[in-house]
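Below you will find one chain, with nothing else, as structure tokens; this is the form predicted on its own, and questions on how it binds or moves follow later.
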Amino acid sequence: MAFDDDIQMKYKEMLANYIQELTEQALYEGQRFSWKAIEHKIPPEEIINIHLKVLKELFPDIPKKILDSFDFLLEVMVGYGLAYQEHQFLRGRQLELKSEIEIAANVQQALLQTNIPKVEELDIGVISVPAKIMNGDYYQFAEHENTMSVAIADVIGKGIPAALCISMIKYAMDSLLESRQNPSYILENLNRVVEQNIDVNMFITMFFGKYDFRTNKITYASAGHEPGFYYCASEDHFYDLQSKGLVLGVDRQVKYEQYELNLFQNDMIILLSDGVTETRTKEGFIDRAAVTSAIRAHLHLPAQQIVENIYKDFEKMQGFQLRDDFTLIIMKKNV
């Protein structure tokens, strides 16, 4: 009660001061009072009650009709106050969830971190940018004796569920890569993991390849992933990477076909997620030719600069707002 009396006395002092002086400073004192009221969780209707009591003390002869109008205002502010309290609760909860998601995104980034190989034979460039806080795309490199493997995957979906699926895929891949098996074996085993552990409404696409430094040959297989490109330097021509295969998690018994490609100096393998090819402009979705044209415009640059420039170009096309996770990998044959 003493606290309420103190508030009323303070409010009376501020109101009387404002009515007498009508200054900006006096108004500012009212604003400061509102901050304190929020801090002490005083509802709006209680502020109206305080105002009414103070008016009666300051102006005992105030007309009854004026005083009666405050009853109407009180009813309005009761509903407003309840809605405001709910808003504050939801806002606080939203901030908590945002903080938790940001922490989860940092954890995911640490878990999915992979070292880009620095090898004499290949110039490798990579960029992967999530459309939201957490990434539904995944890529991974692994070096073994005389070989290097590369994987790129995309969960059909975005947000937290996709990110959780990707984290599971990463750990399954870590154990499978130790076997140093061929790409079709890796995808077939990974497919069984996905089929057993992922919701039936979620699917994952993946490309997995293994490059042999002794033969300059890449062997690869695809589980329904967005087809990449092969740039043949001697012909100065881009080809779609030949690949076909069912997305992971649909059929436990599916087999994946394996392909081979020999690389020569300045040839390139381009791997990407559908967030690249489904870039949307005011005129609609771009076509795959737009991707190869963008790469051609930057052919003279190192691979990392190529992928970064293409991302900047495509981000600008979309008004600097990604609609899907964007992952692009370029591997250029040096010698």
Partner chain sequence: MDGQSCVMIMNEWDIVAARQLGRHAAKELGFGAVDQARITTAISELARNIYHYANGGKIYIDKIEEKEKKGIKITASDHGPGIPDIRKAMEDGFTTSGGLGAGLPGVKRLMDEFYIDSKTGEGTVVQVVKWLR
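Numbering follows the first chain given and starts at 1. Everything numeric here is computed off the predicted structure, so don't read it as measured data. Take the two forms, superpose them, and find the largest set of C-alpha atoms that agree within 1.5 Å; that set is the rigid core.
We do not show the form predicted in complex with the partner chain, though everything after this point is about it.
Trainee: Among 121 to 129, 144 to 152, 69 to 77, 169 to 177, mark the stretch whose residues have heavy atoms within 4.5 Å of the partner chain in the model of the complex.
Mentor: Of the stretches listed, the one contacting the partner is 69 to 77.
Trainee: Three residues, 46, 49 and 89; all within 4.5 Å of the partner chain in the model of the complex via heavy atoms?
Mentor: All of them do, each having a heavy atom within 4.5 Å of the partner.
Trainee: Consider residue 93 of the chain shown here, and say whether it contacts the partner chain in the model of the complex, taking contact as heavy atoms within 4.5 Å.
Mentor: Flag for residue 93 set to yes.
Trainee: Could you confirm whether residue 116 comes within 4.5 Å of the partner chain in the model of the complex, counting heavy atoms only?
Mentor: Because no heavy atom of residue 116 falls inside 4.5 Å of the partner chain in the model of the complex, the answer is no.
Trainee: Can any non-hydrogen atom of residue 83 be found within 4.5 angstroms of the partner chain in the model of the complex?
Mentor: Residue-level check for residue 83: yes, a contact with the partner chain.
Trainee: Tell me, please, whether between the shown form and the other one the C-alpha of residue 305 is shifted by 2 Å or more, with the rigid core used for superposition.
Mentor: The answer is no; the displacement is under 2 Å.
Trainee: Establish whether a shift of 2 Å or more occurs at the C-alpha of residue 48 between the shown form and the other one, with the two forms superposed on the rigid core.
Mentor: Yes, because once the rigid core is superposed, the C-alpha of residue 48 moves 2 Å or more between the shown form and the other one.
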